[in-house]
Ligand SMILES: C[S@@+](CC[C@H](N)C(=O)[O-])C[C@H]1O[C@@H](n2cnc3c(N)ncnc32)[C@H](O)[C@@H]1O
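Here we start with a single chain on its own, the form predicted on its own, put down as structure tokens.
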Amino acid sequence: MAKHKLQRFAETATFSNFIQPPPYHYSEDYPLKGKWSKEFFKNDHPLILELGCGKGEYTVGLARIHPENNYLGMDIKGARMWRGAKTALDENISNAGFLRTHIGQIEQFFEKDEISGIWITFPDPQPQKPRTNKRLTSQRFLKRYEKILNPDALIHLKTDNAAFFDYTLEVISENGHKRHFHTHDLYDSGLENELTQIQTHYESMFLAEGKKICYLNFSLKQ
């Protein structure tokens, strides 16, 4: 397994749609900050992030459906991201890219108002109470997103963890953010769009086990 991961790491280093900054960039702004669409994607389209993208199912899936947008998957686990990056290259999906870095460093990679939306798909719910600040929908992280999102941007969340979902609803309410839509059972909500057409690896497993999928979208108080 270790050898397999090393092979994938080596291969991603040759991918034109995969960026892995050296560690020194973690203490300074990355050169593409504020210039991702123009210099990385070579266009002026809106830029949307998938945080904790894993294998990049949503990054690639949304890029297929919406060529008018650019999609960038972020995660620290490069061996998983290899799959999405390779699929995008194999299918010539030029509006999908991948960035291997810690999400906690997000402000160093993106400028104010540079991001037009965020997708958070099946994140680690961090169930231990002392770790709530590590949850990607904690107010600690929402404050980081606020610094890079444009005023009209939506944040999307999909999860199988009802407790984490309810926690997120509480964070939104307590901090004055605006909830637009939510459901505790996406596949019984009547929605038929990319929310149900695109499924992550974990989502397919959860559905096979009979678990309900929760979904919400919201915007941040500006």
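Counting begins at 1, following the sequence as shown. Since this is a predicted model, take the numbers as computed values, not measurements.
Just so you know, the form predicted in complex with this ligand exists too; it's not on screen, but the next bit is about it.
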For this session: Name the stretch, out of 85 to 93, 108 to 116, 148 to 156, 122 to 130, where some heavy atom lies within 4.5 Å of this ligand in the model of the complex.
Result: 122 to 130
Exercise. For this chain shown on its own, do T183, K211 and C214 all sit within 4.5 Å of this ligand in the model of the complex, going by heavy atoms?
Worked result: no
Problem set entry | Heavy atom within 4.5 Å of this ligand in the model of the complex - the one residue of G52, P46, G34, G61 that qualifies | G52
Exercise. Hey, in the model of the complex, does F15 get a heavy atom within 4.5 angstroms of this ligand?
Worked result: no
Problem set entry | Any non-hydrogen atom of K143 within 4.5 angstroms of this ligand in the model of the complex | no
For this session: Tell me, yes or no, whether Q139 is in contact with this ligand in the model of the complex, where a contact means a heavy atom of each within 4.5 Å.
Result: no
Problem set entry | 4.5 Å heavy atom contact, A79 and this ligand in the model of the complex | no
